[in-house]
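Shown below, as structure tokens, is a lone chain in the form predicted on its own; questions about how it binds or moves come after it.
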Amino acid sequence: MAIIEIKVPDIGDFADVAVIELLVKVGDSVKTEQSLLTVESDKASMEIPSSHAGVVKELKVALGDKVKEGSVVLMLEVAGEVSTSNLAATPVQQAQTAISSIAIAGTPQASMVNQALAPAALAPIAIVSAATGPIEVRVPDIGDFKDVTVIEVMVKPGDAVKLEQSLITVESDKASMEIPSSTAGVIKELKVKLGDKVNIGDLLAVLEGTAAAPATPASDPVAVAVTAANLPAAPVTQAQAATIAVAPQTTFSSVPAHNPTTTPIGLPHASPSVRKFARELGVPLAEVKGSGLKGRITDADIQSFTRSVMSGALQTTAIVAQQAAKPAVAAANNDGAGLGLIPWPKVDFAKFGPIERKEMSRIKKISGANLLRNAIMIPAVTNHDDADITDLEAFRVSTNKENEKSGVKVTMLAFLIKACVAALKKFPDFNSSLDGDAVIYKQYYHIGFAADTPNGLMVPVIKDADKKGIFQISQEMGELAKKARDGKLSPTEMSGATFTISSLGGIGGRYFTPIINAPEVSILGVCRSTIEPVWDGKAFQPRLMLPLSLTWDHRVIDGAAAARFNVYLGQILGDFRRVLL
């Protein structure tokens, strides 16, 4: 038996990463490549695997410790004698040891293996061959989609692109998706243009660069050595068969339903490159089920999740519609039988005069089922009030004049979001959700705002509004509203809201009753402000008044609390300095 040190391997450009999870303890038996601990930087988390099999004799790190490449994490007792040179062996040297243990000592096959490995050790560059020249980049597997439209071209001939850099954006009638480059290089020729229809396998671009030939993973020294040495047929077959026999089988799990209201369990395990890939596609890692070791998320898992989203199976609103199955079916069939009501009347409208039939948009169909469910299941009450925003509007106008060059226009809605956060902090019932017989009080403030788009109503979400200033909120609102109009909002950008504001200020109206966006318990509706005469105790003064309509769930909130919420909100809008109190 021998005691060896297990060290942190090459983890890229990361130094002093924190240990956030210990996966083994003294006395545990571990296998090669089994995860020992999880580390986290400010950019990503990753698991550190064991380079050998054995029994843990001593842990050298604790939770919260900082480690880097080469740091000793534990002492491992392994079978047999292990020399220092073996611990730092190159892949080819490891392969010699591995293949020698597979081949029968003294047989012709073993001799042929060793002869073949000798030149490989002198020329390790032969492990991965490379080819320079034109490289074709094609549309990857994007699921069951045909003839998706190119709506954006992000590169042009002469541009240098990196691996996984987005090249184009395609759009179906259900979603939009960016197509990344499968290799790095320089764009020599683009094969698509705006408006083109593309399918899986279609040629997108021709790149000039260096493309590595398919290489065997370096973690498998046996297969690496076989590739490098170009062994004769018989020995290669035996070595490859042995490799296949001992290789762990990867099982890909089915993709979980996309549910933004579900609390993430633990920290998603993924490498920095996978996290970058997920960010580029707008994929929430917390909702992706990893198929790798100990649930590690891989590129394949991200792609599978994205294909499911594009097919409509994981759309947030679709899940809501499934949860409200009976109301959804009833609405779709114009039939109230699913709700225990008499059937919806069937009328031949054409007999009364000319008609035109138009199918509802997909967004309206799904949101209709959602709204029907909420309107029926939530005992909603609406309080109406007015807020004096005369001074706040004057401040807003002067602020925009002073900051014309910034390019960020501050709207009244940005002030409303900040004011609502202050009110939610004072009245936490309005920032909660029902979970059976329990009430979940959220310690974060994500504010949704209704955006009118050509395809229907969408609700982007300003995350952590309590931590952002008016200018940042205004800028994010503008960016999210543009994405909504262009149909490019990701599920993540529409999920997680704790409170919603529906504003008709740019259109008109006086008061209305907004429908609560479940699982939230309240929503604020605002209409266009008007100049009205207000009595100040001596005379009527012209004041700018903003109509407020607060709808709330009577299961969680009572009338007195709702009245106090509206009064407090009006006080803040009347004197915005109260936000600081």
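Source: prediction; values computed, not measured. Numbers follow the displayed sequence, beginning with 1.
There is another form of the same protein, the form predicted in complex with oxidized coenzyme A; it is not shown, and what comes next is about it.
K.L.:
With the partner left out here, check for me: in the predicted complex, does some heavy atom of residue 461 sit within 4.5 Å of oxidized coenzyme A?
P.N.:
So residue 461 does not count as contacting oxidized coenzyme A.
K.L.:
Against oxidized coenzyme A in the predicted complex, would residue 506 count as a contact residue? Criterion: heavy atoms within 4.5 Å.
P.N.:
Within the cut-off, so yes.
K.L.:
Considering only heavy atoms, tell me if residue 308 and oxidized coenzyme A come within 4.5 Å of each other in the predicted complex.
P.N.:
Because no heavy atom of residue 308 falls inside 4.5 Å of oxidized coenzyme A in the predicted complex, the answer is no.
K.L.:
At 4.5 Å between heavy atoms, is residue 452 in contact with oxidized coenzyme A in the predicted complex?
P.N.:
Looking in the predicted complex, residue contacts with oxidized coenzyme A include residue 452, since a heavy atom lies within 4.5 Å.
K.L.:
Considering 71, 411, 492, 169, which brings a non-hydrogen atom within 4.5 Å of oxidized coenzyme A in the predicted complex?
P.N.:
Looking at the other structure, the residue within range turns out to be 411.
K.L.:
Would you kindly say which of 375, 153, 457, 440 lies with a heavy atom within 4.5 Å of oxidized coenzyme A in the predicted complex?
P.N.:
That would be 457.
K.L.:
Tell me the stretch among 157-165, 353-361, 497-505, 194-202 that has any heavy atom within 4.5 angstroms of oxidized coenzyme A in the predicted complex.
P.N.:
It is the stretch 497-505.
K.L.:
Could you run down 517-534 and flag each residue that has a heavy atom within 4.5 Å of oxidized coenzyme A in the predicted complex?
P.N.:
526, 527, 528, 529, in sequence order.
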